[in-house]
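Given as structure tokens, the chain that follows is alone and in the form predicted on its own.
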Amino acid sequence: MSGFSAEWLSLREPIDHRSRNQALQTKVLHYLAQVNTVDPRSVHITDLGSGTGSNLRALAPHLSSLQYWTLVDYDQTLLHVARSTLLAWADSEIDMPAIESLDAHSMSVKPLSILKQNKTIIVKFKRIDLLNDYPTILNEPTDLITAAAFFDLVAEPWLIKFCAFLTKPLYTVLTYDGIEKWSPPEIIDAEILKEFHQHQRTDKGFGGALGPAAAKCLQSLLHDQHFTTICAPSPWILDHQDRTLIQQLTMGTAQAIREMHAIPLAKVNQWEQSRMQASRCEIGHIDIFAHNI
């Protein structure tokens, strides 16, 4: 799977957290409070494509006082960064030698137990190739499967198999939906966006990616598997306070367009220079919660 740098993930984390649809998140929390969990005294969550653990940091403060998380990523470097970032984020580390032996053969990073806001959070880190080995993770006991900014990277054939295999509730946030609005608007924006969508559909490690079609495809496939699904918008709204992210987003988009070789470089460069100074932009995303109860 195509990787993302820890620096980029760190830059986007505050915006990701504020952009999550809070009404839908409340529904997820209410669901977890009502259902019979793996252990009535705790909650177990498995996070796919976990990166540096942003999903955990967003959700954990709202969950029960005892939490078990499994962070799954193919990039072992990101898993190590996740561990160190969680340690820095925590109020304190708990000395719990017993967790050292939990599935030690399948873990590439030492497990972690921390306290945050009087909540005990026990974290396992697993390096898994989700292209082929997702059944290994989906078969494990858990109360909720989570993911963030993940499903727009996968191909439809993979997603069909994933949804057919899925039996547990799924809460995925910040799936790119293809909507972009820049201020002030420019005539070339539509041409740039069309070509960017073509780049989004290139292979990201799972075959030709769904890109902006991912959310609708995921919802349809889950419905076919008799899941109840709820979708809600979670757009990034970026303004002058988010200047660094706007600039990085602009440079990343321009580089993606250059790789497609469809728009003259001069036009791409001109768009890039203009958008580096944009006063505002909106990048559309969708959050989805699916359960079969």
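Each residue number is its position in the shown sequence, starting from 1. Computed from a prediction, not measured in an experiment: that's the story for all the values here.
Note that the form predicted in complex with a small molecule isn't included here; everything after this is about it.
Just one of 162, 196, 150, 125 comes within 4.5 Å of the small molecule in the predicted complex, counting any heavy atom, and that one is 150.
A heavy atom within 4.5 Å of the small molecule in the predicted complex is found for exactly one of 24, 278, 283, 9: 9.
Of the heavy atoms in residue 129, some are within 4.5 Å of the small molecule in the predicted complex. Shown alone here, residue 206 lies within 4.5 Å of the small molecule in the predicted complex, counting heavy atoms only. In the predicted complex, the small molecule lies within 4.5 Å of some heavy atom of residue 75. Though the partner is left out of this view, residue 54 does reach within 4.5 Å of the small molecule in the predicted complex, counting heavy atoms only. Picking from 163-171, 184-192, 116-124, 67-75 the stretch near the small molecule in the predicted complex, with a 4.5 Å limit on heavy atoms, gives 67-75.
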